[in-house]
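A single chain, nothing else alongside it, follows as structure tokens in the form predicted alone.
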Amino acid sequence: MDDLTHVPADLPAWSKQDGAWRVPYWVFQREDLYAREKRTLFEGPTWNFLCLEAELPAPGDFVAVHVGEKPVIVTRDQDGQLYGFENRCAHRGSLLALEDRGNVKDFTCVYHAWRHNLQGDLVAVAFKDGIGGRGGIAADFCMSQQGPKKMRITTLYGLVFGSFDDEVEDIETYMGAAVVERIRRVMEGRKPVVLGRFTQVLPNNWKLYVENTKDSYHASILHTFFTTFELNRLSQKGGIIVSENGGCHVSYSAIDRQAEAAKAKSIYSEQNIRSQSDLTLADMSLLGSFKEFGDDITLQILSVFPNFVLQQIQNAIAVRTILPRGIDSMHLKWTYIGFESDTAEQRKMRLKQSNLVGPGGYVSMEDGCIGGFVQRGTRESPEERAVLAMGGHAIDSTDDRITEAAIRGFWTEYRQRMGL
């Protein structure tokens, strides 16, 4: 764990009595806290999602991504293994990879042509021996002691995670058995195919989006489409899984249309909330689906501390990466996936359902603005506190979704890792 003596001395108090159910708004506003988050949470003993293994099928393939705000490269070398290291030349610090992805023999810096291999090692220096006996690198220079910082890489069901801490616990222990099982449910035994990708820029602190992904309570209230077309209602069968430390979670629900239709409509009408509407679709085929799993779960949202989300909404499957960009901005990377075994009709269904999620998605467009509403609404009230008391104060797994247990779980792990 990071040295807690580096906690900024002038941070306001976050009382132990508040636990994880009263969260002060200054945690979304302070530059000194944000600097510590990058060092402790993203570059410390945590696993950050990097990419899909399927994005690196051949030797020489690479992707350029980020851990927090630190640029990194993930490669597949000629030995077939995956490697990760900073996207930074050993010489003067220029980016090595200027494209998001590609296939290369090595990484030669455009500035002074210092060359690094696919594992990040510095292997050649231009004019190392000078010209005509003059110039050249210093006599005590040792190439093997130079180079960008390397990452520990692991894979789980085709998902690639990395850490800058060699002592981080293995990925299965880090997530917990129940969360690993829910990743297995979606990914095992199938080779992913990338159907599309984009990056969404959000005007809020990264932790507000983390809260949103763990907030099963809001889904059928904020999202009119969910409730109107009976894709997700709190009255449906489902539950919450929270990892032992709190930071990882699963929220899931199953649709039984005949059993739920009448009672769900009356329940939501009685609440007099915006998600009860008379909206209709001109093309109802958007709501079609095919049975993909051996259970009746039609919605599953899974998160891994600090930055990863795996979604299954009907047959729309995607991975999301949460990337901080300052105290009031973030990037949300979406990668939609299908599988090599999909039929043509199944692929068509996945592509059609991709319209449900994303910045303009029928389901999730509201998520793109709600974090900004909170950021703006709390800007002048740093000492005030949010209330996370739905479902009590615990972080236990439950068989209902009218709870904020998973959000409290995140703040429990956050406070422990940050020493707050």
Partner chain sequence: MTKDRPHSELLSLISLAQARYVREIDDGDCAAWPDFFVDDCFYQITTADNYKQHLEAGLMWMDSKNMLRDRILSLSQANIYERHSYRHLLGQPYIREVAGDEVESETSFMVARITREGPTDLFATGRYIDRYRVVGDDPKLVRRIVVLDSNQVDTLLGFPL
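Positions refer to the first chain, counted from 1. Computed from a predicted model, the values in this text were never measured in an experiment.
Below, we turn to the form predicted together with its partner chain, even though it does not appear here.
Comparing 24 to 32, 391 to 399, 43 to 51, 357 to 365 against its partner chain in the model of the complex, the single stretch with non-hydrogen atoms within 4.5 angstroms of it is 357 to 365. Here the marked residues V201, R347 and R376 all reach its partner chain in the model of the complex, each with a heavy atom within 4.5 angstroms. Of the candidates Y157, F339, Y336, Y83, Y336 is the one whose heavy atoms come within 4.5 Å of its partner chain in the model of the complex; the others do not. When its partner chain is considered in the model of the complex, only one residue from K70, K352, R385, R36 comes within 4.5 Å through any heavy atom, namely K352. In the model of the complex, H331 approaches its partner chain with a heavy atom inside 4.5 Å.
In the model of the complex, its partner chain stays beyond 4.5 Å of every heavy atom belonging to V168. Residue contact with its partner chain in the model of the complex: V110 places no heavy atom within 4.5 Å of it.
When its partner chain is considered in the model of the complex, R197 lines it closely, a heavy atom lying within 4.5 Å. Of all the residues from 101 to 124, the single one having a non-hydrogen atom no more than 4.5 Å from its partner chain in the model of the complex is R101.
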